[in-house]
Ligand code: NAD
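Quick setup: one chain, the form predicted on its own, written in structure tokens, and binding and motion questions come after.
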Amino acid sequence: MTVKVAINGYGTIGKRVADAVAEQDDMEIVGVVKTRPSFEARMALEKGFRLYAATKENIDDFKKSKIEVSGTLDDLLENADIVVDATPGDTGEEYKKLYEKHGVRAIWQGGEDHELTGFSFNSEANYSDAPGRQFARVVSCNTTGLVRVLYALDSAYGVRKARVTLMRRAADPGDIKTGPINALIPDPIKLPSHHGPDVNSILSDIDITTMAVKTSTTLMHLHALNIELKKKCSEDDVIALFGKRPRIRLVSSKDRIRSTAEAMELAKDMGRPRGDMWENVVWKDSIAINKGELYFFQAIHQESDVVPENVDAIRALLEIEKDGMRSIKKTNKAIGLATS
């Protein structure tokens, strides 16, 4: 069975999801949507994707730029089983009405609120709750990274509480509108940041509080985690646990990976498309048990870690694969994600 996937919003996330979907043997891209002409629109055509304009009003702009479009989003939805919505946040309600009109399933990103779909998705934590749903939301890059480690720890040892400080990139590398900045900005100043409640949209029983700081970098986010577990374990136990997870990559400062810059250089040297790091980067030599509590650092690549989750969400909603771990393995193999 091959399902037809539409991508609404061919930008930072959308183009990456499109490439990942194109690598799957049970999915095909039937079209991608751009609002206005751009190099990304031209690249979509070069890759063989059919390009659609968001509305009829946008078509003339593409014609003036001599970029061929196959119609509008409305036209595309007539030929799709599911749409991955990677449009800017806060447009969800508008597009939801359109998807309902066409009777297609849809997946949004973490820029939208949980209430839009009533279901937030993570491949490992709640895949089995997704089959048959019309709508889902893949949580943000930071929340995805937090859920991956917290779900693993809670399943093995139980999480009594988690306290996390997020040092967030100020902008994506290609974003010239919001960066660079020469400052460290508490964001928000008043606790908590939205990331803790977002984790609870998937792991409802986790006691978590988060605070965030916007930093002068575009490369990755960095998390400092302090977790109190219900069962005792050793540092080696945690390293072994994380080493078995399908989307956690253990690195070491002994290999001269001491920063987010070097973590991204590793992804490039591995030959990753766009230098993407789809998995959490956890420094195994940062993993410490101190006074009975667990501490460690992890880095999250904001442009790419949600990409494999979107692929799994497609399988889950359309019930192509009922077993979440089989979908994870299939997705990982197809895109070249191997953590060992």
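Numbering starts at 1 and follows the sequence shown. These figures come from a predicted structure and were not determined experimentally.
Keep in mind that the form predicted in complex with nicotinamide-adenine-dinucleotide is not shown, yet the notes after this line are about it.
In the predicted bound form, at least one heavy atom of R169 sits within 4.5 Å of nicotinamide-adenine-dinucleotide. nicotinamide-adenine-dinucleotide is not shown here, but in the predicted bound form it comes within 4.5 Å of a heavy atom of P88. Using a 4.5 Å cutoff between non-hydrogen atoms, S123 does not count as a contact of nicotinamide-adenine-dinucleotide in the predicted bound form. Contact check for A54: a heavy atom falls within 4.5 Å of nicotinamide-adenine-dinucleotide in the predicted bound form. Just one of I206, I248, C141, L153 comes within 4.5 Å of nicotinamide-adenine-dinucleotide in the predicted bound form, counting any heavy atom, and that one is C141. Of the residues E115, E94, E100, D236, just one reaches nicotinamide-adenine-dinucleotide in the predicted bound form with a heavy atom at 4.5 Å or closer; this is E94. Figure note: of the listed segments 262-270, 170-178, 197-205, 227-235, the one touching nicotinamide-adenine-dinucleotide in the predicted bound form, with heavy atoms no more than 4.5 Å away, is 170-178.
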